[in-house]
Ligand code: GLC
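Single chain ahead, written as structure tokens, the form predicted on its own.
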Amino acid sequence: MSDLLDRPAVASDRSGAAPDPTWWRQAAVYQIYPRSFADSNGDGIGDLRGITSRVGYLAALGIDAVWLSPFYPSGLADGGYDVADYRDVDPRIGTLEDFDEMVAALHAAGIRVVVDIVPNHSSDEHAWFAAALAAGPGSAERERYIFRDGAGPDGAEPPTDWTSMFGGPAWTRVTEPDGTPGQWYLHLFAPEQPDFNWANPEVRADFLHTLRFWSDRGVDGFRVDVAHALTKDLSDPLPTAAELDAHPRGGDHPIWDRDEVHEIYAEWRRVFDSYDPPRTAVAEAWVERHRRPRYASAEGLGQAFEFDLLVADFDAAAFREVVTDSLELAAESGSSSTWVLSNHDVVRHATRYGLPPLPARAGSTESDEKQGRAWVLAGAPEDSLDRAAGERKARAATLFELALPGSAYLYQGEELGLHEVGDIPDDARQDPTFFRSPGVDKGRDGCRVPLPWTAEGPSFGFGDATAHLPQPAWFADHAAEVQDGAEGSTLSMYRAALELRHRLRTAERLEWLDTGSDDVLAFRRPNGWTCITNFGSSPVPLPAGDVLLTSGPLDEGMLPGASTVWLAS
């Protein structure tokens, strides 16, 4: 094992500071997809002990917090987002004791812990759903979920013609305890993910219990999955799919972004604020622009993801519009902006930027993101990918992102410059999106392939066995071991940027500067440092100032195309 992976988790200079209740406002948060981060026991699946073994690496990277995607018991119908038990650890990933040890190790290194909470739906393996199936129609057990009688004379048709987010019907019929065909249950996602009934007080109370359970174990915050879908109006008559799609999303939509969802988050906020320092939360809410601030308010979750950069091309005008808009929304909510270029649901940004521009889209909605993913993986084939150009643009975009005020959410492997893995065999895929829409959407497996830690080994240092998703041969050149200490490597750039970002962090605002070019963006932060990004293809002159960091080599005092520089003035 290399020195990189054996590096001790030495506490950072900020770990001994007094608790800061506002740490999240400008934090660098590193998302870990546990099954694909590090495998400690050689079964091909990442685990909590694997994460603990890499705390030294995370500390050296310079992040403020990690966000863990679901690690709970699960049938893995949706990568762990089908939760069978919200207050335990999947035995394939570890134990509660392993979780406690991991949290202690991360905290000792000055790294906070954020965990995913999945409140819209459970797994069909959840004890409550098993009880609902056994109890039958009209029971209290079924009231925890959304069951309806079918349409037609025999109830053989689903209650509506709605389509799930993963393709196929949004309703599945169950077999009743007496063996006869019975009611239907709603699942906005996979059939293995039945939606909770959030009008039920038992559901609300149980999630408050879950929030306290993990907070008491030292968790510092929560990422709330599908935060805009919990409350629903399913009174008869139910709308058709066409009527549902045509309904404005202004607070009274039958299933998306209803006003009363904020009553739930007000309850959650009271739980969060009962801890010292208060627990944080960030909403995954694909909602209309004017609807975002309420999720991010101090009375609600406190922060909400800004997804517009995920659907923006590498373009100066697009980036400036997104940043300006996000800062305005943050000021409206009193929260801070959140910046995301890659995560577990989207094509890695090195690949997005290396492909032809995406088709024009109306804005950052979940359907826009899915259309973009389909374009990247189906409409734009691998042979149209310019890997080198994609990596240059990704590095430039990352330095732009890390210079912005607000929180930066980084996805595991982006610090290695990883591309999407697009050539996974169909029989090795795991994402339900692929199976429910074959030939249309290849799914999200390509960004969830286990990380390469070393240039050799059965799984490039991920573990001692073949990884649960196939890794391509080109991973060897991107391995953390190869990039460690290598001048100019993407890993070295991320480390330098995060260290500088921490030292330069200042008030949450910026001043746009006139560059005289439509292809060049420049902004100054309050304490006198400047970020300049050349989104074009031709070099541009650099203004006076000391160079702090660049995304790539300068060209005789010029800033090349697809490059970013940080200057001290």
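Every value quoted in this text rests on a predicted model; they were computed, and no experiment measured them. Residue numbers here begin at 1 and follow the sequence given.
One more form of this protein, predicted together with the named molecule, exists but is not displayed; see below.
- This chain is displayed without the named molecule, yet in the model of the complex the stretch 442-450 from 416-424, 199-207, 254-262, 442-450 comes within 4.5 Å of it by heavy atoms.
- Residue contact with the named molecule in the model of the complex: Asp85 places no heavy atom within 4.5 Å of it.
- In the model of the complex, at least one heavy atom of His344 sits within 4.5 Å of the named molecule.
- In the model of the complex, the named molecule sits beyond 4.5 Å of every heavy atom of His349.
- Among residues of the shown chain, Asp78 is one whose heavy atoms approach the named molecule to within 4.5 Å in the model of the complex.
- For the options Asp308, Asp225, Asp484, Asp98, the residue carrying a heavy atom within 4.5 angstroms of the named molecule in the model of the complex is Asp225.
- For the options Phe400, Tyr295, Phe462, Phe166, the one in contact with the named molecule in the model of the complex, meaning a heavy atom within 4.5 Å, is Phe166.
- Remark: none of the three candidate residues (Tyr72, Ser215 and Asp220) comes within 4.5 Å of the named molecule in the model of the complex, counting heavy atoms only.
- Residues are counted as partner-facing when one of their heavy atoms sits within 4.5 Å of the named molecule in the model of the complex; in 272-293 only Glu284 qualifies.
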